[in-house]
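Okay, so here's just one chain, in structure tokens, the form predicted on its own.
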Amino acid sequence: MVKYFFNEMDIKSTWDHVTSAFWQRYPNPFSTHVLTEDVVFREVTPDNRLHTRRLLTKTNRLPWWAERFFPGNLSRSVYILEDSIVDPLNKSLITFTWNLNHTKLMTVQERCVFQESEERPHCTQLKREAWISSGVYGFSRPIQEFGLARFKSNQAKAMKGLEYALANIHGDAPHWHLRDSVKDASEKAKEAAMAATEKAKNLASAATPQKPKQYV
């Protein structure tokens, strides 16, 4: 059994601005759990669509009851692959993300479609879907429930991060959000990320053929 999530909303900004903000949303004060982002593969197709595969490293904070399923010698970082297709002709950005490690405990797949709104001028429609599953026998249901609740919380933070990037593009970002404590946390996160990046890149290489198949 898989938990399914769907959400649809309008972003009050043009598609061009939203797409630009998508590539500039890290770092931001709402996503300090995102440690690194690296481009693994990128090409422009003959029909002028931009295909990109990126590797993201994020922290993995577990609730106390999940510790029993998580061996102490494993990394608490989560390595995420993100495939995306930007189609400037049809004004669409499609992304698909999934975790590379800890897949037995929980797998989260997410698909987002950013499309220029036909009904609301100067707005971008976002459709977000997610599938949460677990391979832990006898405990998959509560783990999936936890994963769904965490996903809802994280996607709300992701939207705040995107709005922050949009504000930066428009030149009116709330700079007071970047408190010293956030900056200090980011510096500490960078130190942990450096140790995890090499392992993450090896995982991405193993999961990526010479010319990766696009999932979006």
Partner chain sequence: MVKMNSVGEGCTELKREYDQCFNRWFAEKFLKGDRDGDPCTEMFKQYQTCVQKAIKEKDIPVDGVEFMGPNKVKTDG
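Residue numbers count along the first chain shown, from 1. Keep in mind it's a predicted model, so treat the numbers as computed, not measured.
Another form exists, predicted in complex with the partner chain; not displayed. Remarks below refer to it.
S.K.: Please state whether every one of the three residues T19, N48 and W98 places a non-hydrogen atom within 4.5 angstroms of the partner chain in the predicted bound form.
M.R.: All three within 4.5 Å in the predicted bound form.
S.K.: Applying a 4.5 Å heavy atom distance criterion, does I94 contact the partner chain in the predicted bound form?
M.R.: It does: once the partner chain is placed as it appears in the predicted bound form, I94 has a heavy atom within 4.5 Å of it.
S.K.: Given that the partner chain is not shown alongside this chain, does S133 nevertheless sit within 4.5 Å of it in the predicted bound form, heavy atom to heavy atom?
M.R.: S133 lies outside the contact set for the partner chain.
S.K.: Although the partner chain is absent from this view, report whether S117 comes within 4.5 Å of it in the predicted bound form, heavy atoms only.
M.R.: Although the partner chain is absent here, S117 would stay clear of it in the predicted bound form, with no heavy atoms inside 4.5 Å.
S.K.: Test of understanding: in the predicted bound form, would V44 fall inside 4.5 Å of the partner chain by heavy atoms?
M.R.: Yes, V44 lies within 4.5 Å of the partner chain in the predicted bound form.
S.K.: Give, in sequence order, every residue of 35 to 53 that has a heavy atom within 4.5 Å of the partner chain in the predicted bound form, or say none if there are no such residues.
M.R.: Heavy-atom contacts within 4.5 Å come from L35, T36, E37, D38, V39, V40, F41, R42, V44, N48, R49, L50, H51, T52, R53.
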